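We begin with a single chain expressed as structure tokens, specifically the form predicted on its own.
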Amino acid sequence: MEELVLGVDLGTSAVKVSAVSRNGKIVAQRSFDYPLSQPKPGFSEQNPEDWVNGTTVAIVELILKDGIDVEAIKGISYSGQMHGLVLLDQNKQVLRPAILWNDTRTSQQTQEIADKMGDEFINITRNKALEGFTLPKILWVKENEPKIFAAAQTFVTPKDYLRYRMTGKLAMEISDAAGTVMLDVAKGDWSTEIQASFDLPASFFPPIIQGVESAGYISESHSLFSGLNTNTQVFGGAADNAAGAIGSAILKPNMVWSSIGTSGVVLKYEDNAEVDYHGKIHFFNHAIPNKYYSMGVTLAAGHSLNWFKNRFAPEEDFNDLVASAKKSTVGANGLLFTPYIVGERTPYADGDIRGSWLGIDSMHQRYDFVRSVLEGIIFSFKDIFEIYEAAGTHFDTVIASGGGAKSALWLQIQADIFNKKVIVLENEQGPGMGAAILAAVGLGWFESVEQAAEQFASFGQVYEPNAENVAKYAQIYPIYKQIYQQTSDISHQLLAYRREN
């Protein structure tokens, strides 16, 4: 009998459960969709019970439809959407729908945090308090739903709630704890200064565990519903980006991860907490004990390209549309696009900035616009690279995944704009595979996360920078960098007009 681990990837729209063997092969995989509730503009919520039901259904289907032997499942771990708030009462019952990472109702609370703690907050948490993080959500409930907050005895993030429901043991894994912006990142424990500043008792905060640490075993009650054995060991897991980095083998300081999904992520493994980015990019504790990761986010990376296709080429094959950019030139014949169509996160924490094209000429063809979108997304990633370089950190290898890894042209654009070697990640199962790796290490199948990742991850083609193109992009990028400062006031005025009219 081949021994297996389950990697549970709890996303915003679906949960995916992968059964993975000792050699990193995905034996079977099942997913289950669940709804997102947006009761008011800027609100984004989910029923935590949907996560539990969806995960249970996926596991049952692995057993019944794919023939996975429950005796073969030795361990389970998790990857989960970050920053969500699940409030629990004294009986650990959910008090209200979970407030998710993409909820933007908390602008007032983020300002309150900045006004009350200033730079001290950044020094402790290594992050600015943004609307998506957990602390502002807690303060929003405290101020707007006082009866619910009065009944709240503790809180967890989404994947930690799911793990609690499967084990009966409540804890928060450290990489998700860091994403609440209530953790003293350097100390790896809840910040007493933040607790005191916002009148939050220490008893409100759950115990912290490591990603590879045992969180218990499948409970009898969950065993009845899922069919899993009660001797199946459960491990802490990781926040989705930490798990994705592990699953993509981003485990050396000379490597960064370039991931293009709806949003875009540039993530770097950090060996220690000594580097200080002064809150310009996110800095979190890793799911690997005593390690860290930093990351910057482009809010509308793949979303910009999808938007362009849906508006201007709805009937055209997606791959053909992207390939048409080959007809254009480096720099899209002098056309620049900024991908701020839903605001921006890094390096401009500006929810009201909007995108633009500059340099439009009557000679431009649609393929020039396509290439400008591809290049603009990567220029926005280059902005994040600049923060790293300014802080004196160095890397020479970019691991590409997501939509940006499916086009040879787009991969070469990345290599040329970054002036770095770009390597394709072949097994596109980052977060779920990262969860499986943490379970495998927790079980003792491997001595370290690094050893397991080398076994589980698979890399493909290498794209080297083209010196001629590098030189051209080096001329264009400084122009791109000027666009935000030159156009932000106009962009804000236009958005204000739209909201008023």
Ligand SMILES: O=C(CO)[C@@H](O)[C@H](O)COP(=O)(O)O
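From 1 onward, residues are counted along the sequence shown. Between two forms, the rigid core is defined as the largest C-alpha subset superposing within 1.5 Å. Predicted model only: the values in this text are computed from it and were never measured.
There is also a form predicted together with the named molecule; it is not shown, and the following applies to it.
The binding site of this unliganded chain is open: after the named molecule is superimposed from its pose in the model of the complex, not a single one of its atoms comes within 2.4 Å of the backbone or a C-beta atom. Relative to the named molecule in the model of the complex, residues Asp240, Ser263 and Met295 are all within 4.5 Å by at least one heavy atom. The named molecule is not shown here, but in the model of the complex it comes within 4.5 Å of a heavy atom of Thr12. The named molecule in the model of the complex is approached by Gln81, whose closest heavy atom lies within 4.5 angstroms of it. Contact check for Lys268: no non-hydrogen atom falls within 4.5 Å of the named molecule in the model of the complex.
By the criterion of a heavy atom within 4.5 Å, His282 is counted among the residues contacting the named molecule in the model of the complex.
The single contact residue among Arg345, His286, Lys137, His222, judged by any heavy atom lying within 4.5 Å of the named molecule in the model of the complex, is Arg345. The single contact residue among Phe381, Tyr164, Trp101, Tyr340, judged by any heavy atom lying within 4.5 Å of the named molecule in the model of the complex, is Trp101. Partner proximity in the model of the complex, defined as non-hydrogen atoms within 4.5 angstroms of the named molecule, places exactly one of 381-389, 119-127, 81-89, 149-157 at the interface: 81-89. The rigid-core alignment places the CA of Leu85 less than 2 Å apart between the shown form and the other one. Superposed on the core, the two forms differ at Ala301: its CA moves 2 Å or more between the shown form and the other one. Taking 2 Å as the criterion, Gly402 counts as shifted between the shown form and the other one: its C-alpha moves by at least this amount when the rigid core is aligned.
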